[in-house]
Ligand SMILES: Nc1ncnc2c1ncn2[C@@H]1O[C@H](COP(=O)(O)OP(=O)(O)OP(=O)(O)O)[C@@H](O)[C@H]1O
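Have a look below at one chain only, the form predicted alone, in structure tokens format.
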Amino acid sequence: MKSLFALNHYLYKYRILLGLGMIFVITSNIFALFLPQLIRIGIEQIQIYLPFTYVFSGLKISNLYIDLIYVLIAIISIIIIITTLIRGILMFLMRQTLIVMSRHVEFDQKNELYQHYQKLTPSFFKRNSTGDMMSRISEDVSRVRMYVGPAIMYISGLVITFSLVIYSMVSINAYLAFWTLIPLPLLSYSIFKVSKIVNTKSEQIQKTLSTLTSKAQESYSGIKVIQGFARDQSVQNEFEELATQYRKESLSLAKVEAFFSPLMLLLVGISTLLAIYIGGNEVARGRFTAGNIAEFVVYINMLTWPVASLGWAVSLVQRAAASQKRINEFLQVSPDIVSGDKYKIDKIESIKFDKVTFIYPDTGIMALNNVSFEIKAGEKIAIVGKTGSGKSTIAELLVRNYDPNSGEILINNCPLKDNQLSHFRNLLGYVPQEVFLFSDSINNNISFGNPNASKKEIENFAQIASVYDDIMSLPKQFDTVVGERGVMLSGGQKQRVSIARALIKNPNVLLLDDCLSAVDSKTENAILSNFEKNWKEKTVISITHRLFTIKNFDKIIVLDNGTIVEIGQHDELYSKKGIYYDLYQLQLQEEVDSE
């Protein structure tokens, strides 16, 4: 239950709705007490006047008593109808406050969790599956809502009903009340034992559901690989095995819940029998009336639905506790990267890596070791090297997905970590190595970089990225929906659309992380030529493995095993006959072999 304390700030936020709801719960239960009292009054009055109808049988006065009884029944019936209608209205208002409050909490919690996801660094998303994150923001939050709304409503109603009914029963006849309430301790013990079982099973069910969701999401994303390797049946078997485990655990929980409700009804039934038996003896001794017995039976039956729903309500609480515990696990993960607030620059004049060393936290691999270089505004810089040399790590550090373990990254001679993060990233046009397109139109994917861009601007930047002709050849052109992750487009088209998306931001610095690997050399040269024409004053950092396209760059940085081994222009590096020369010769030979 401790995990549910995290919801207290929501309950405080919506305290007015919660308070009104509690008022309606109390008042609706007060009006419910009128029914057994009215039934008692009716029976007692009938008992008083009914004998007179026999005494004066055959006389006119007998008819008067009969009419009087009918009038009493009519009056009591009207009062019962009125009180029932009022109670119905109060119950409607109770749901309109407490259930509405739960929907507000659900909305807020989903947004809180989603916003928290966006603050977390890539290492978090590498450690946790997409299916698990989706399960927590959907299934778990929905189960928490059932606690905030229905569970609170029913449990509070149960407590108030019990309090009012027991008080009324004791005030009428403490002796009879004692005997009819004997099953309550057994009821409490049963709730305690079953709650522990429900909590354990609920936690396990949620974990299994997350695994099941993750498996489904992974299968959908990798359907081409699954079909390509003809592993359809084996993957189906794995999914079916997980689904069977989920069904088994759910049925196990359902059995516990199925046992709980009949047990509650049995205990209520025993109380009813005790009320009739002991109450009958009390009537025989003249200490009680038949109306009192009827009143007690109605009181006991008033406890039937709350008691019957107790198992369900407790199950809701236990499930919510298990779900909130899982939500808290993610909410308590602190972002590795925290935005600075000391600087808010308007233009990137210089970028400097000063003795930067970085080790990936999840793998322990040293990606960069004592790396230092400087880039000035307007320069065209290329970063090259073998696979695993640390090229992409420089991009990850520059966009501040990670912070270096030692050394410092300076922007305009000011530490990057002291800059306002979102503002700084707005000055960058970043095209990552793994291109991602949204399942939307090409038009919206490009304008994602600048939502206010005009149609003409979108088309212009598509031309600069050398993807305009490809788009115009599509049936719906810029309105073509690319599908999940851009599945409708080729690898090269996706890369060029993502470049257009970065360009339309009009950033100070364009950072290309090997994002032209799927296009041919001719198209890559055309794109870089467009940069030269349209972006002379812009800073371009190109991380690439193609050396033929960077001959005219202002500076080429060569990495090897996480360190800078060479730095300079093409001719300078080529003449040294070092690592750059070897890479260039290797690519030259590959070009010859391919021809």
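Being a predicted model, the structure only gives us computed values, none of them experimental. All residue numbers refer to positions in the sequence shown, first residue = 1.
There is another form of this protein, the form predicted in complex with this ligand, and it is not shown here; the text below is about that form.
Touches this ligand in the model of the complex: Thr363 (any heavy atom, 4.5 Å): Thr363 belongs to the contact set for this ligand.
Interface membership of Tyr117, this ligand in the model of the complex, 4.5 Å heavy atom rule: It does not: once this ligand is placed as it appears in the model of the complex, Tyr117 has no heavy atom within 4.5 Å of it.
Tyr402, heavy atom within 4.5 angstroms of this ligand in the model of the complex: Because a heavy atom of Tyr402 falls inside 4.5 Å of this ligand in the model of the complex, the answer is yes.
is_contact(Thr393, this ligand) in the model of the complex, heavy atom dist at most 4.5 Å: Yes, Thr393 sits close enough to this ligand in the model of the complex that at least one of its heavy atoms falls within 4.5 Å.
Contact residue in the model of the complex, from Val165, Ala367, Leu310, Ile471 (heavy atom within 4.5 Å of this ligand): Answer to the contact question: Ala367.
Sole residue of Lys248, Arg285, Lys347, Lys126 within 4.5 Å of this ligand in the model of the complex, by heavy atom: Result of the distance check: Lys126.
One stretch from 288-296, 146-154, 383-391, 87-95 that, in the model of the complex, holds residues within 4.5 Å of this ligand by heavy atom: Of the stretches listed, the one contacting the partner is 383-391.
Those residues of 427-448 which, in the model of the complex, come within 4.5 Å of this ligand by heavy atom: Going through 427-448 in order - heavy atoms within 4.5 Å of this ligand in the model of the complex - there is one hit, Gln433.
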